[in-house]
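Single chain ahead, by itself, as structure tokens, in the form predicted alone.
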Amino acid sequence: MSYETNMRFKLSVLAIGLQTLIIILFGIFVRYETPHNADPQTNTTLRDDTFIDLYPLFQDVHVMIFVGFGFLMTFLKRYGFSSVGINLLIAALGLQWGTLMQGLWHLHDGKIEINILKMINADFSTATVLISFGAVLGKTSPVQMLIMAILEITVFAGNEHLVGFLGASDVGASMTIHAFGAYFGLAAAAVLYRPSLKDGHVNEGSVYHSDLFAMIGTLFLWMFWPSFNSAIAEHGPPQQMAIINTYFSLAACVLTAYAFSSLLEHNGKLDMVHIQNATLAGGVAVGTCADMNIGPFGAMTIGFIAGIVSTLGFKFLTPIVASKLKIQDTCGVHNLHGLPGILGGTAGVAAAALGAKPGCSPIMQGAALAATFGIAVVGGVLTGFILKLPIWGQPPDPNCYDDSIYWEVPLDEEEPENNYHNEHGKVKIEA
């Protein structure tokens, strides 16, 4: 296969074309939310503080999307520009396209009315693509990622509407965002499999400072996850429960991840891969039942199990998935988002069966989880075949995980020669 990586016209034409199309569609379909609480006597709008009340939660989610996800992926030693930079590109396109795709399912007089909840949900739709981005990180071009964003958000919006139609509850989106984004990305990665990379790549590793940058992403995500899981919850006790449940699930998950990382690694040392990722699994897993009356005890149990599942996944499952299923999952999204997302969906079924949320059916919860998984895999496979077309400027095998193919990069210090890659692809310095 020949590769043409010059993006002068590919990226420019596609980005300008997409932005022009979106501006036109916004002009046709999008408007400010029409006030629904006007005083009929004075014809003036009564005060509604919903937008301002929820704006801090929106900002928290916004920080997670642009800072948390972006820096979490900077662990690759020569791919930091792309990790943060392409993350910004995808997110800027995604929030606009997500507004349209989600809004078309909920028109008011043929128009999409913009309010704070639609802005939050637009960020949520973007998160699915950023999760999938982690599965193909380092092996795709910016052009391919723009194409993936358009296709994935379109499928995501349809699946999200289906989950709502089924009457399933998923306020923190363990199923609709995390499981969907993970398995969509993994399915695409399976189609984009590169045999020459099966034994790793010289740049598929980290150095000390790149892992430190990645921890910045981890800490931002960890701190703001209660906002992510509660942003669209019903105001009052359900929203408060979502915050509390996420808070304690994350805390329990951290201790569990640290414990199992030390238990599984040589001489009881901690592995930064586990600390960067598995510590967040509690936020993913508690999402579906975040606003359910499961009690702090239940939330902590979910976080405890999520920490175990995620750490074991990074240690044992990632090599099996790569060798047996031919899926090269760069960031381990299966272990951070996929498995905990399935765990969260399953916890939602159990919580519904125990009556943790009135009107919530365990059958419909299970149906939503199964549908989400199936739609994600089928959508990811189809998207993978589209991305595999050689016209998108994907990097050749020797240039994977390297910023210099798509970015102007400064000269840096040479790396130590006495290093080797462990089973996670991380660089360790020999004593």
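Heads up: residue numbers just count along the shown sequence, starting at 1. Just so we're clear, the structure is a prediction, and the values are computed from it rather than from any experiment.
The protein also exists as the form predicted together with another copy of the chain; that form is not presented, and the subsequent description refers to it.
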Quiz item: Using heavy atoms and a 4.5 Å limit, would one call I275 a contact residue for another copy of the chain in the predicted bound form?
Solution: yes
Quiz item: Is R31 one of the residues lying within 4.5 Å of another copy of the chain in the predicted bound form, judged by heavy atom distances?
Solution: yes
Quiz item: Does A122 reach another copy of the chain in the predicted bound form, with heavy atoms at most 4.5 Å apart?
Solution: yes
Quiz item: Going by a heavy atom distance of 4.5 Å, is P398 a contact of another copy of the chain in the predicted bound form?
Solution: no
Quiz item: Which one of A187, L317, L95, V155 is close to another copy of the chain in the predicted bound form, taking close to mean a heavy atom within 4.5 Å?
Solution: L95
Exercise. Note which of L88, L104, L354, L325 lies within 4.5 Å of another copy of the chain in the predicted bound form, where distance is taken over heavy atoms; exactly one does.
Key: L88
Quiz prompt | Stretch in contact, per heavy atom within 4.5 angstroms of another copy of the chain in the predicted bound form, of 200-208, 178-186, 336-344, 155-163 | solution = 200-208
Quiz prompt | Sequence-ordered residues of 168-189 touching another copy of the chain in the predicted bound form, heavy atom within 4.5 Å | solution = none
